[in-house]
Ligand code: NDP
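Let's start with one chain on its own, the form predicted on its own, as C-alpha cells.
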C-alpha cells in the first residue's frame, strides 16, 4: 500500500482490472476533458516521484491481469493469444520505462550562459501540457497507444484516450485498471466511438493530440487540430523496405522477412512490405522465404484482417501488381478468402504499382532483385513513406552505413522490429509516415513544453541591456565581437 498526501491507492493485487470496477468510458469527450483538466492539476502536484509510484502500481495491475487483457485484445483483433500477450508485455515495459526516466529527462537543468549572458544563471525545464488526447489504432490496440499514454502520464499530463471503434474493450480495460488504484482524480479516462468522437476530442480543448492511424485520417485530424492550433503527433503508415546483401545470412533474413511481413497478418505499420535482394542470392533467398511460408497456417499462426474493408485493399493491390506484369511466387488473388488471407509473395512488380507505392497492411511481400545495397537504398527511398527499414549483411559497418542513408525514422540491422522492445529508442517517421516521436527521451519531451529561465547572479559592469547604453560599453562590445568571432 502506498500513500500520497492527496489520496491513497490500493495495491494492484487488491483490485484486478475488469472485475468489479465501473465502466471506463465517459459519455462525451467534452465532459472527459473537463474532468481531466482538474485531474491534471492534482497529477502535476504529485511530481516525478509521486507519479512514478502511481504508474508502477498501474504497471503491476496490467502485469497481473495480463492474461485477461490479452484475451480482450485477441477477441477484438483476432490475433493469436501469444501475440496478444506479447503486446501486453511490451506495453508494460514502456509504462515502466517512462515512469522511471521522466525525472532524468524532464527535470530542470542548467545550461551554459555564454560570454554575453555571463551574469545570468540559465536553465531549461519542462512542464506538462495539461490534458493530452490520445487516438489509438486497432492493429496494436494496447502497445501502440501506450507509447503515448505512458509517456504523457509520466510527463505530468492527464490523458483522455479514444481507442479504435474496433477495439473499445481494450480502452475500457485500461480505464478500469486506473480506477482500480482508487486514485482521487480521473487522470486516465476513455471515450469510445467512431471518428466523430475523435474529432470531438480534438475540439474539446485538449492541449495536445497524439494520433496513430492512416495517413489520410491523420490529415483530417491535423486539419481539425489546426482550428485551435492544437499541437499534434502523427504516427501514420509505412511501406517498410528490407535490404538483403549478397553476404547476408539468408536463412536468418528469410525468417525475419516472414515474421516482419506476416506477423499480425501484416497489419503492422513498421512491418516488412518490400524486399530488395542482391541479385546473386535472389533465387536462394526467395526459395528460403517460400519454404517458410508453406509451413504457415492463416488463421492459426496469424489471424484474420481485423478491419473487413482491408481485404479489398489487399486484393486490389495484388490484382494491380499482376496486371502490370508481376508474378506470384506464392499465392495470388485467390489467397483472399473473406477476412483470412493466405501468404502472398510477388516479384517483377512495376515500380508504380500500388503494391509498391501504397501501404498494403496485409500478408503480402514484394521481393525484387537489385545490384547491391546502394541500389537497395535508392529503391527503398523511392517512397513517400519513411517509417522503418531493415538491412541484412555480414558486414556490420556496411549495414550501419546503409542504415544511415535510408530516409526513415527507425532502422534495424540483421533483425526486424528490434526497436519495439527498446523503450529508450524514439519511434516515428518522415514524409507520409507522420511526424513527432513517441518512446524514449524524445517521446517524453513530446508531451512537455519547454520553459527557459534566467536568474541574475550579479551586476555586470558592461551595461548592454538598457536604453541608456554608454559609448564605452559599446566599444568594449565591438572589441569582444571581433576578438571572439572576427579572426
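Positions refer to the first chain, counted from 1. Please read these numbers as outputs of a predicted model, since none were measured by experiment.
Another form, the form predicted together with the named molecule, is not on view; read the next lines as being about it.
Q: Identify which of 132, 91, 135, 272 has a heavy atom within 4.5 Å of the named molecule in the predicted complex; exactly one of them does.
A: It is 135.
Q: Please identify the residue among 185, 357, 414, 214 with any heavy atom within 4.5 Å of the named molecule in the predicted complex.
A: Only one option qualifies, and that one is 214.
Q: Is residue 163 near the named molecule? Define near as a heavy atom within 4.5 Å, in the predicted complex.
A: Yes, residue 163 lies within 4.5 Å of the named molecule in the predicted complex.
Q: Can you check whether residue 349 is within 4.5 Å of the named molecule in the predicted complex, heavy atom basis?
A: Answer no; every heavy atom of residue 349 is more than 4.5 Å from the named molecule in the predicted complex.
Q: Though only this chain appears here, would residue 87 touch the named molecule in the predicted complex if you measure heavy atom gaps against 4.5 Å?
A: Looking in the predicted complex, residue contacts with the named molecule do not include residue 87, since no heavy atom lies within 4.5 Å.
Q: Can you check whether residue 233 is within 4.5 Å of the named molecule in the predicted complex, heavy atom basis?
A: Contact with the named molecule, no.
Q: Any idea which of 290-298, 393-401, 123-131, 216-224 reaches within 4.5 Å of the named molecule in the predicted complex, heavy atoms considered?
A: That would be stretch 216-224.
Q: Does the trio 173, 306 and 362 actually contact the named molecule in the predicted complex, every residue with a heavy atom within 4.5 Å?
A: Not a single listed residue reaches the named molecule in the predicted complex, so no.
Q: Can you tell me which residues in 277-296 come within 4.5 angstroms of the named molecule in the predicted complex, by heavy atoms?
A: Counting only heavy atoms within 4.5 Å of the named molecule in the predicted complex, no residue of 277-296 makes contact.
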